[in-house]
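Here we start with a single chain on its own, the form predicted on its own, put down as C-alpha cells.
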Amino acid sequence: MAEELDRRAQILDAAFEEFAAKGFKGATIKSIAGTARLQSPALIYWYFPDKEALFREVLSSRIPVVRAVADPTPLLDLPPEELLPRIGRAYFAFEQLDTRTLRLVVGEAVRRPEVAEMFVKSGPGKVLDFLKTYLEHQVELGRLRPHDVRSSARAFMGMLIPQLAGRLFLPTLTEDGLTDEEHLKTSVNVFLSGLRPDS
C-alpha cells in the first residue's frame, strides 16, 4: 500500500514538472512516465484513467483549499464556527502557491477554456460542492436554519474573494490594513448571524 502511494506521488510530481514546463497540451503520458522513471507509460493508467484526470489531480493536490476538503467525511460534523475559518484560511493560502503552479493554473486557464472548466470543476467547484453538502448537514443537525445551501456556499466564498484579490491583484482593496484573520472572523460572524436558527 505504501509503495502504491509512493508511486502515485511520484507520478503526480513528474506530471507537475511536465505540465509546468510544457503545458497541458505539450506534456504527454510518455514524457511524464520518463520524468517519473517508470518502466512503461501504461503504468500511469493504473492510477489515472487519462491525461485530463492526471492534470485535475495535479491541480487539486497543489491548491490548499482543495486539499482542505479532500477527505470530507470527518469535517461534516464540525461546528460551523470551527470549519468555516479553516476553509477560509486554506482559501487565503492560495497565494502561497509557488509561481510555477500559479503560472500553470492561470496560463492554461487563459489559453484553453476547457482547461479553465477542468480547473473550476476540480478546484472551486469541488470546494463549493463540499460546502453545499456541509451546510445541508448543518441544517439537518439544527445548527443552521433551513435555506438554499447553493446560494449560501457561494455567498461564503464570495465574502473571501475581495481579501484574496486585494493581496494578489488589486492592492488598493487592502490598503486599509485589514488582516486575513480580522476579515475571516468578521465574515464568519456575519455569515452565521444570518443563518443561525431563531431562538
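Note that the rigid core is defined as the largest set of C-alphas that superpose within 1.5 Å between two forms. Numbers follow the displayed sequence, beginning with 1. Nothing here was measured: the structure is a model prediction, and the numbers come from that model.
Not pictured, yet referred to below: the form predicted together with the DNA.
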Exercise for the section: From the candidate stretches 135-143, 55-63, 23-31, 154-162, select the single one in contact with the DNA in the model of the complex, where contact means a heavy atom within 4.5 Å. Expected result: 23-31
Practice task
Tell me, yes or no, whether residue 39 is in contact with the DNA in the model of the complex, where a contact means a heavy atom of each within 4.5 Å.
Solution key: yes
Problem - residue 148, heavy atom within 4.5 angstroms of the DNA in the model of the complex - result: no
Problem - Distance check, residue 196 to the DNA in the model of the complex, heavy atom within 4.5 Å - result: no
Practice task
Could you tell me if all three of 83, 89 and 182 have a heavy atom no more than 4.5 Å from the DNA in the model of the complex?
Solution key: no
Handout entry: Contacts with the DNA in the model of the complex, stretch 32-47 (heavy atom within 4.5 Å)
Key = 39, 40, 42, 43, 45, 46, 47
Handout entry: C-alpha of residue 135 moved at least 2 Å between this form and the one not shown on rigid core
Key = no
Handout entry: Residue shift check between this form and the one not shown, rigid core fit, residue 155 Cα at least 2 Å
Key = no
Handout entry: residue 49 C-alpha shift between this form and the one not shown of 2 Å or more, rigid core reference
Key = yes
